[in-house]
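Okay, so we've got the same protein chain twice, two forms, each given alone as structure tokens, structure 1 and structure 2.
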Structure 1
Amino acid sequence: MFFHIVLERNMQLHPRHFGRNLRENLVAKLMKDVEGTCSGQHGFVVAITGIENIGKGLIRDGTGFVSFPVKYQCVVFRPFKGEILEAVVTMVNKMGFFAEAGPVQIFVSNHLIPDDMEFQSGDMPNYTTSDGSVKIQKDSEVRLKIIGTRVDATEIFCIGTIKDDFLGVINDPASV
């Protein structure tokens, strides 16, 4: 799920960046440092949408760097248990498959794949129905449901299932 939230961060800026472009340099450094990162508490920072406030700088003793408290608005992505996502399969093996939905990696165990699908090994491993009409392989697009999440300090891991109504393959690259 995507959220629009306000976060705060202390940004350290080298004295060579001072001058008329101080604000632009600070915003550019903030975007470079924050966008694309993950915090376990808030999720993946997708984009900074605005700067609310830049506080007064505090000179760091001995270094000359200045620390500015910056309050900014951003869009974050945080997956939740029970959420339905569309993902792209990145790897298939006999234990199940891995898929990616944006920055989050989701594992779907072979126990959470419908019973009528069997693993086929070979040069392109896949899960195929007995009649061959549906195939899950690398680069397939699947709709899945998140049944569990584990949050670390800098990463979020998910477990998913396609063993439910309206879940499964939505686009197979082999059929194109």
Structure 2
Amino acid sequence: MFFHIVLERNMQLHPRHFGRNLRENLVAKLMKDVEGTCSGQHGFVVAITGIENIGKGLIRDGTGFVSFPVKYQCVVFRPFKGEILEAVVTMVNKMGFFAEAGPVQIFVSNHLIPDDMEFQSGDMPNYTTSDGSVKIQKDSEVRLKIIGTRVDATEIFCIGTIKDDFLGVINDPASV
């Protein structure tokens, strides 16, 4: 889910950026460095909403770079274990299906799909119940529960389940 959080970072600035626009350059560099990254603790930094404080710069020994501690507010997206999310299915195969919720990819293994749903291969691979009433295919919206997360260099990847109560397809694209 989304959070509004205050983070701190030490930004290094080359002396060529000093001058009247020092702060603007610092903020631009911060945005370039931080927006779109993700970390295990905070999740995805989706957007920076404001700068709280820029501390005094400290010249580094041996180089001319100056280090500024910057406190900034940002919106982060972090999935949690036990969280319920609504995601859009992006790919279906016989091992399970992939879904996307915001910047996060979620995989639901076929072991965590209810037993009455079977994989149907074909042009549009999907999971269907035995009576054909419920179908999970590409672009279906499903509600799932996250049971595990993994953090990579640039993205967060989760494992989810739809085997519990009140989880599963919300919106069947075929009926839309």
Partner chain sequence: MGILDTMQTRVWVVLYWYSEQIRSTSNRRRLLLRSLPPFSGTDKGISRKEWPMSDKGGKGFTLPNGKGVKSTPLKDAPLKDSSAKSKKARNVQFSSQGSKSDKSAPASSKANSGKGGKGDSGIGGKKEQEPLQLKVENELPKGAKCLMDCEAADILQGIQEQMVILSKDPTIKLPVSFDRGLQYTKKSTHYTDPESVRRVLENLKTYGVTDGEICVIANVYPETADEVFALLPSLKARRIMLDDPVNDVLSELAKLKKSA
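Quick caveat, the model's predicted, so the values are computed rather than measured. When a residue number appears, read it as a position in the sequence of structure 1, where counting begins at 1. Basically, rigid core = biggest C-alpha set you can superpose within 1.5 Å across the two forms.
Matching each structure to its source, the form predicted alone turns out to be structure 1. Relative to the superposed core, residue 68 undergoes a Cα shift of 2 Å or more between structure 1 and structure 2. Once you line up the core between structure 1 and structure 2, the Cα of residue 32 ends up 2 Å or more from where it was. Relative to the larger rigid part, the smaller one has turned by 18° between structure 1 and structure 2, according to C-alpha superposition. Its Cα shifted by 2.4 Å, residue 155 is compared between structure 1 and structure 2 on a rigid core fit.
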